[in-house]
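The chain below stands alone and is given in C-alpha cells; this is the form predicted on its own.
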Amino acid sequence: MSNWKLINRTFLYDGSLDGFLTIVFNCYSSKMLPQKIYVEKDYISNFLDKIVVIKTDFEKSKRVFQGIEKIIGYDAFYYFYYAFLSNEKEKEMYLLKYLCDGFDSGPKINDRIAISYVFKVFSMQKRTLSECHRLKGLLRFQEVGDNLFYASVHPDNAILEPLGQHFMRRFSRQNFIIHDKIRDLCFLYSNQNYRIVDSTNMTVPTISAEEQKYQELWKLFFHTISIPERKNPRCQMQFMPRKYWKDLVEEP
C-alpha cells in the first residue's frame, strides 16, 4: 500500500457493516486513506478535523462483500466479520487497510501476520470469537410466556447476531429474545425468522410462575452441592468472569 495517499480527512459513517463496506469501496477506488474513521453518533466534534460523512450505499457494499470472498477468500471475510464486531478502538482503520491490501495481494494477506494491521485483525476476531463461545455456554434463558424465552447479556463486543444465530439452530422451534443491555438491542426470533431491534424503551418481561419455581429449585441444588471448604473464587472467575454474573440465575 506504499503508493496509497493518506488524506487529511475524518470519515463518519452509520456504524453498520454496509456503511463500513461503502467506505472500503470509496477508498479502494480512489487509492486514498482517511486519517480517522468514527461512527457518526459516537463522534465528539473537533474543530481540527475535516469531516466527510459517508452515506451507506448498498450497491457498493454488495460489490465489496462479493469481492472479499472472490478475491481474498472466505477465510478473510470470516476474520473481517468477527473483527468488525470487536469493541476495539480504531478497528475501522485496521480493517480498512487489511481489506484494501487484501484486494491487491489476495489470500496471501493472511500469511503476513508481521504486518501490524493484519495482526490486529486476527487479534480482534480471536477475542470476539472467544467471548461469543463463552456466552454460548453461560446464557440463561427464562420462560416469560407460552413458548417464549428471554435472556439478557452484557457482552464487551457486539456479538448479538452470531450469538442469536447459534441459538436459532439449537432451539429452532422455540421463540426467544436475547437482550444486549450494553448496546440496548434485542435479537428477536420467531418462526424461523429473526430481526434485531432497538430496546431503549423496552420493558423487561417478568418470568412465569413455572419458571420461578424451577429457578428456586436450581438455586437450591446449586448451593446444596457446593462444598464451602473447596470454594475457590479465583478459579471460578477464570471460567465464569464476574462481569457475567449479573445475568446468571444461580448467583455465584
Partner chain sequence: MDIFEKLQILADSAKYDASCSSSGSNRKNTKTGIGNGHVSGICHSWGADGRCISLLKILLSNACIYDCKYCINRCTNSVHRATFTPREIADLTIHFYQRNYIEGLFLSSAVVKSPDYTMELLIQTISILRNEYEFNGYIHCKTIPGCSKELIDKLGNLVDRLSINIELPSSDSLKLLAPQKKKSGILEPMTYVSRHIKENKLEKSTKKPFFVPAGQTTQLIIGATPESDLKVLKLSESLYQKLSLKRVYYSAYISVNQDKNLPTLDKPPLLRENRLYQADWLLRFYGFKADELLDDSHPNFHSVLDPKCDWAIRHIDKFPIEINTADYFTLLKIPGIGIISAKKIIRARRAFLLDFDALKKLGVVLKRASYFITCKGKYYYPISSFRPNFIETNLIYQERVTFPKSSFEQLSLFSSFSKPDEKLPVFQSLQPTKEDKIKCLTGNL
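Predicted model, so just to flag it, every value in this text is computed and none were measured. Residue numbers count along the first chain shown, from 1. For the two forms, the rigid core is made up of the largest set of C-alpha atoms that agree within 1.5 Å on superposition.
Although not depicted, the form predicted in complex with the partner chain is the subject of the following passage.
- Looking at Glu210, you'd find a heavy atom of it within 4.5 angstroms of the partner chain in the predicted bound form.
- Though the partner is left out of this view, Asn193 does not reach within 4.5 Å of the partner chain in the predicted bound form, counting heavy atoms only.
- Using a 4.5 angstroms limit between non-hydrogen atoms, Leu17 is distant from the partner chain in the predicted bound form.
- For the chain shown alone, Phe149 is a contact residue for the partner chain in the predicted bound form, at least one non-hydrogen atom being within 4.5 angstroms.
- For the marked spot (Arg140, His166 and Arg173), a heavy atom within 4.5 Å of the partner chain in the predicted bound form is present in each of the three residues.
- Residue Leu217 is the only one of Met32, Leu217, Val204, Val197 with a heavy atom lying within 4.5 Å of the partner chain in the predicted bound form.
- In the predicted bound form, the partner chain lies within 4.5 angstroms of at least one heavy atom of each of the following residues of 223-243: Thr224, Ile225, Ser226, Ile227, Pro228, Glu229, Arg230, Lys231, Asn232, Pro233, Cys235, Gln236, Phe239, Met240, in sequence order.
- Once the rigid core is used as the reference frame, the Cα position of Ser226 differs between the shown form and the other one by 2 Å or more.
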